[in-house]
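Take a look at this single chain, the form predicted on its own, given in structure tokens.
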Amino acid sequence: MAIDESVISSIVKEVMTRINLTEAPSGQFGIFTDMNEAIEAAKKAQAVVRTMSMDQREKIISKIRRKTIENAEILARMGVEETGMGNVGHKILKHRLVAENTPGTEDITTVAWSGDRGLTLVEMGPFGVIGSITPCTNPSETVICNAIGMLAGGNTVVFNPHPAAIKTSNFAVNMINEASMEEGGPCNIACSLVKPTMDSSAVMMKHKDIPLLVATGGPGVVTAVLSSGKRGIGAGAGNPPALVDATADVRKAAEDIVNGCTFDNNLPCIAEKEVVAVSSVCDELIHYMVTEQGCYLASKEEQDKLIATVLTPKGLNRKCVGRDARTLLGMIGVSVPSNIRCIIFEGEKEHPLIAEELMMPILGIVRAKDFDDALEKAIWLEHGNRHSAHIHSKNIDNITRYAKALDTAILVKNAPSYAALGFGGEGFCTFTIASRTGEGLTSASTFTKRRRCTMAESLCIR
């Protein structure tokens, strides 16, 4: 039975009011005022977790999944209310995706060699306490996704959430610990701070009991983690281009691109940020986007106003990130119908609204002479992040050339970008995509270290 809208709103308001940012929230598990205390608590919990069987870990993970689904709407509304970014309906879908598609203990496997000289095993073991920095764009989704994978590997985790999403992140941390205790596990399998800061992040990065750091966010935080002297997994920025060549199903490409670009108001790092279309299909693509997909074609004057509104001398205007198209147009004095969900325009690749990763449903379209020209433009626009890229084509040779040239962690062919996360496509879900450090889509096995155990001249029974 669907939950009444007014009931959900009142629950969210009550939760947001109850969680205080200056002192430890009453009744919240895993939330500390000091980073050193959080790490110590996670260390004690990890001593218990590492002795637990895979079945015991999986029971806790199953409870985390159930609680995530039960709280999906509350978490979605909390995220939108606290950060001002994103779309509640899409965030509900993202939480369900995390709950249902994040790998658990099944991702922890053993490799064995058996022969005349005995038996050798390679097993995945825990790092211990992992330090994780999470973003405000997908706050609770990243916390839950990381916690499931890290726990499956036998680790515990200390989060330093983005300051703009503390309440939402900490609600998720509390929920994770409740799930653990309800299944007979320890508290503090996930820990966080009442008020995370750059200083608390620095403490975490230098702490002797944190052997692995995982950063999901912008280039600055990833660089800091990779400069820490510790093993680091870095999920950084992207500016994913979507190329449309002359062989594409243009009508479907228009639908897929707009659906991917507008999902959660373009907050996912994998989302289409710009389009490169060969000239022979460019006008047709724009036609379908405007007439069938709810796109607003911005004039040159409106583009200039958008540039002045969404970009500042220091970068993106945070008040615009994750906002819907109607809100962005309203900021420049343009009123549009309720069916408008994306702002499009045609421009050169150097256009400020095309070259910059915006994380909002503004989609610049770059016209190319042919596929070679489109490929060159797409490579330039991706900026060497090696994160994500998308292509709409029926030409296998073009798809292959594009895949090799872009060399990204994610490549989606003839589908919306979110298909890469298992939403309408095959494969597992993750919200930490380590393009910069090469792990790609992270899962439980990513958060383990390999250990070899050899028994010479024994245990071979062939």
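Residues carry their position along the shown sequence, with the first being 1. Source: prediction; values computed, not measured.
Just so it is clear, the following notes concern the form predicted together with a small molecule, a form of the same protein that is not shown.
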Whether A47, P211 and S228 all lie within 4.5 angstroms of the small molecule in the predicted bound form by heavy atom: no
Listed range touching the small molecule, judged in the predicted bound form by heavy atoms within 4.5 Å, from 92-100, 147-155, 355-363, 286-294: 355-363
Of A235, I257, A190, A172, the one that lies within 4.5 Å of the small molecule in the predicted bound form (heavy atoms): A235
Selected contact from G322, P135, P186, G104, since only one has a non-hydrogen atom within 4.5 angstroms of the small molecule in the predicted bound form: P135
The small molecule contact at T432 in the predicted bound form, heavy atom, 4.5 Å: yes
Contact of L328 with the small molecule in the predicted bound form (heavy atom, 4.5 Å): no
Contact test in the predicted bound form: G347 vs the small molecule, heavy atoms, 4.5 Å: no
Exercise: R318 in contact with the small molecule in the predicted bound form, heavy atom 4.5 Å: yes
